[in-house]
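This document starts with one chain, in the form predicted on its own, laid out as structure tokens.
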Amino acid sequence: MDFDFSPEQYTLRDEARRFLEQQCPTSHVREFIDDPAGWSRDLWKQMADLGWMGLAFPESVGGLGQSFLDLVLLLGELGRAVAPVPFLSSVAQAGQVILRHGSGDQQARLLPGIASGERVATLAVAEGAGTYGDAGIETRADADGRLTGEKRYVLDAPAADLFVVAARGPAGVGWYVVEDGASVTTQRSYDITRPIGSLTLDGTPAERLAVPGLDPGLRIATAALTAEMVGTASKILDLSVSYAKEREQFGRPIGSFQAIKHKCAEMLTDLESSRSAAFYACWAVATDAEDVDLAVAVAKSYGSDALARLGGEGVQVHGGIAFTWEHDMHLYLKRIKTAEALFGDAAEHRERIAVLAGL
């Protein structure tokens, strides 16, 4: 069985990297740090013109008819660039949940705007406890579909005009679409490159998506996040290795010292192990593999630990300069550390692994 990406998918990755290096340097990312909305509409429009938003949606809703797997390498490049756009939340998470859980009519009404980039959607799952499973859902839906509750840590909430909300209704937990009436409050985030917000729902009208339950939608959203995390971590490793080759101490590049060599080697091990787990999880959700639950839990639990460790080691390789505002390392570190907790931290996913293993 061939698990590798296709030549066309690698071409898309290479073109995306060139485009983002030109159009989204960190100087552009920094322009939106103090912006309450925190996203680049110009970059978003250019990405829409390239067709990226429609890549994984059917042609019947305005997409390009490719699959979720075609998003994986692209998500990595956007993570590598810490791009200030709601691609993960709108296209790879909320859009994919509507695609998997919506009826034909719901897909036809809701997805064209997301696939064209004209609308920005996001998922609202976590609440006060900060967990992402069924048990943590306390937001209620009444018999008329009106939602009451508060969601927290909603990615790109200030930019979104469509919310896909996890709520508990008369028929159990499911996804509800909210287009109007939700109150958004911007939350302070450790990751200054991507805004988050809380969502207050007080008898807010909503439409339940046809397919019940949170999965497969929640699994897809989690797998997409791991793909983006790998991209951010790969940039941290590249920056660290490059710095270790240039920075001299005692008349030699610091990368020639064994302590730095070992640190970079361990970072590479963490990155490649996380990459393998993330890519397998993405393949599993795209193909509805038998072990998809386990694959996603392994990818997020391992990636959360290993990539956060990689980010910390990147700071150590750089030394004091990594703590300065002027250096870009903190942008990547904060993205990784925030993603470590989103859609379930390592402990939450290890608990799922234990349940799946019957422990």
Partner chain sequence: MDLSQSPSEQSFRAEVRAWIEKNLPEGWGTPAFKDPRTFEERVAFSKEWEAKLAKDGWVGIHWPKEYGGRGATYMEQIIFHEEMARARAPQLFINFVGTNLAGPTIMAHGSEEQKQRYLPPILSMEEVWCQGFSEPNAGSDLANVQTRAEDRGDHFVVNGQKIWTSFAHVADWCLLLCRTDTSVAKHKGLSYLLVDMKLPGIDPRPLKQITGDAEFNEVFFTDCVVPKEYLLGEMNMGWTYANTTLSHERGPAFLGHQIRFRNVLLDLFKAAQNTKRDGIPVSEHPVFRQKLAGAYAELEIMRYIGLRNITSILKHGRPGTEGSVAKLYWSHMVRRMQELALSVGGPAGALDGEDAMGRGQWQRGYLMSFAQTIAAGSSEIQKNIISERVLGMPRGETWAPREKR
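All values derive from a computational prediction rather than experimental measurement. Positions refer to the first chain, counted from 1.
Keep in mind that the form predicted in complex with the partner chain is missing from the display, and what follows is about it.
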Stretch in contact, per heavy atom within 4.5 angstroms of the partner chain in the predicted bound form, of 188-196, 79-87, 271-279, 109-117: 271-279
Residue 173 within 4.5 Å of the partner chain in the predicted bound form, heavy atoms: no
Heavy atom of residue 244 within 4.5 Å of the partner chain in the predicted bound form: yes
Contact flag, residue 262 vs the partner chain in the predicted bound form, heavy atom cut 4.5 Å: yes
Contact test in the predicted bound form: residue 17 vs the partner chain, heavy atoms, 4.5 Å: no
Whether 105, 123 and 127 all lie within 4.5 angstroms of the partner chain in the predicted bound form by heavy atom: no
Contact residue in the predicted bound form, from 52, 44, 68, 302 (heavy atom within 4.5 Å of the partner chain): 302
Residues in 244-261 close to the partner chain in the predicted bound form, defined by a heavy atom within 4.5 Å, in order: 244, 245, 252, 253, 255, 256, 258, 260, 261
